[in-house]
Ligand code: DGJ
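Presented below, as structure tokens, is a lone chain in the form predicted alone.
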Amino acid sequence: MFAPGSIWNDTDDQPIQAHGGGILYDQGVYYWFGENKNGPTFLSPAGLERVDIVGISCYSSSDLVHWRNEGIVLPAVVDQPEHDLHAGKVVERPKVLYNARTRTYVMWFHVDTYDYTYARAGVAISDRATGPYHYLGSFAPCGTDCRDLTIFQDDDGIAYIVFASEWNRNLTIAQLTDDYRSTGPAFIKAFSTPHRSKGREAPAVFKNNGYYYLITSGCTGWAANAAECAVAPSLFGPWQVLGNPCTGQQAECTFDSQGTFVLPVSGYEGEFLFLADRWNPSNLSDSRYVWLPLRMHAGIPSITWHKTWDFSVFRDSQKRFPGSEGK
């Protein structure tokens, strides 16, 4: 049973710490990677609420409801102030893909300084989903700044990164190299706006019936705003804006949350989970998770609020979700 916005404990009965995260489905197991914010919230010198870096957490599950804590798979660096992963820096929105050619798990995330002027992409690798991950370093993908990001692996194994660039004035979409460790020469800039306050962030990508969908957030800090969805026949466009995919009460603020990932539900063709964070800027460690079913209607995604829900919402799908029997 999912209860969006409620405290969500792991199998050790401790609150899950995996904010701004994403899910990797690998050999029948789901792995949830996210920011561990289990520390005191304070104002940075730039006047922004923050928590010192603890590291990237990993949780595993067979049913998407019960999660085992696999520990911090990429920890903060405590004794090197100049290091990208030093506790005084910023590490956000980790996402992981498995590269079958190199047999390596590749993690991407946003790396920054407390004033958000560094704005780079960090990459780490491991030979196991549960780590530990070895940090390779950070860079400016496609020669530009990088903030909120996601990565996406297509059916043919080619992977892409989507990230907010030029102070969130646009989104850059780039193909990754074959080893998923850098960006190649092919990229576009989309959804350009002259004002960063009107730009887009928090990208989440999914594919359905040969079309690519991109859900993003507006740029309003920790405050929630209306999500926006766009569709294209290729990740390189052309993109058509469809509007807000959320419906019902609080749709105008994405149910008081901000998206981070869209997960295809294994066993249910054409059904998805929309993963979002309900940020608590006064106590970031107590930020909650808002997971809701995302359903397609004539090629248009729809996200509707449920106070509680389970996989029976997908009852008209032909296949059963592994592990969902009896729920």
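The first residue of the shown sequence is 1; numbering continues from there. These figures come from a predicted structure and were not determined experimentally.
The discussion below concerns the form predicted in complex with the ligand, not included here.
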(request) Sort through 143, 221, 194, 185 and report the residue having a heavy atom within 4.5 Å of the ligand in the model of the complex. (result) 221
(request) Would you mind picking the one in 116, 98, 206, 135 that has a heavy atom within 4.5 Å of the ligand in the model of the complex? (result) 116
(request) Heavy atoms, 4.5 Å, the ligand in the model of the complex: which of 88-96, 155-163, 232-240, 208-216 makes the cut? Say which one. (result) 88-96
(request) Identify whether the ligand in the model of the complex is within 4.5 Å of every residue in the set 148, 201 and 258, based on non-hydrogen atoms. (result) yes
